[in-house]
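A lone chain, given as structure tokens: the form predicted alone.
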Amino acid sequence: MRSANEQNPPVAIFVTNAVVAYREDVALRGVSLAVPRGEWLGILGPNGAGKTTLLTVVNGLGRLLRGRACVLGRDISRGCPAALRRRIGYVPQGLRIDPRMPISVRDVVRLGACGRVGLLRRPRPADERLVDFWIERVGLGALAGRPIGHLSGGEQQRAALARALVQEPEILLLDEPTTGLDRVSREEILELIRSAHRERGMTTLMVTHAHRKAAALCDRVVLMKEGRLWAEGPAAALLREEVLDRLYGAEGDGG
């Protein structure tokens, strides 16, 4: 097997035979995947397929029982250095935030700047300008001083996206970024992601159930089922009704 330094430079993510288990629950069963730099990869599959676990591995937070993972040329099979994780932005599924939490939208977005410079270092003026830029870019300028828990779900997702993009990541990981949002909010969030992906040339991995949006936005998709890579290829070829019927079975899909 080749070392991380021998990987083809255009490959941002290289996972080989990854096995991950939580106690007796095997979440990934021998998953292998290569993601070129600059690609937008959609990850789809039924609940419990291992989609979020795959993101966790790429983020350097998943412990591999077997296999190997290389990200941006570094082997992270046994852990991910903090300096490398700063090059990876992550937007989780929408979380319910206690409205009493005394942290503002600006504070949340500024955490991304702290991720770039280090938690114990104060963001520089240039970092603060970047915080301002992304707060405005995601449409939260008028709400920057408001407690994050007072925002709607869509506004909280905008703040989470701004926090990730302030890091200026080379890889952006998105775990169901539009879950629970209304149609208008979904469209706006996905347009923000699309613009940032193109402008910054990021490698983007998006877990989603929204197969129609994935077909329109993603360069390629991987379909997962029961912890395995079930299929991979161009979005237009795989996100067809007959393929999705076999993938999801009785569970259905998210449209």
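Predicted, not measured: the structure shown is a model, and the values here were computed from it. When you see a residue number, it is the position in the sequence shown, counting from 1.
Keep in mind that the form predicted together with adenosine-5'-triphosphate (ATP) is missing from the display, and what follows is about it.
- Partner contact region in the predicted bound form: 52 to 60, out of 52 to 60, 215 to 223, 30 to 38, 193 to 201, criterion any non-hydrogen atom within 4.5 Å of adenosine-5'-triphosphate (ATP).
- Shown without its partner, this chain lists 176, 127, 75, 155 as candidates; in the predicted bound form, only 176 has a non-hydrogen atom within 4.5 angstroms of adenosine-5'-triphosphate (ATP).
- The closest heavy atom approach of residue 25 to adenosine-5'-triphosphate (ATP) in the predicted bound form falls within 4.5 Å.
- Mapping the unseen interface onto this chain, residue 209 counts among the residues with a heavy atom inside 4.5 Å of adenosine-5'-triphosphate (ATP) in the predicted bound form.
- adenosine-5'-triphosphate (ATP) in the predicted bound form is not approached by residue 67, whose heavy atoms all lie more than 4.5 angstroms from it.
- Contact annotation: residue 185 falls outside 4.5 Å of adenosine-5'-triphosphate (ATP) in the predicted bound form, judged by heavy atom distances.
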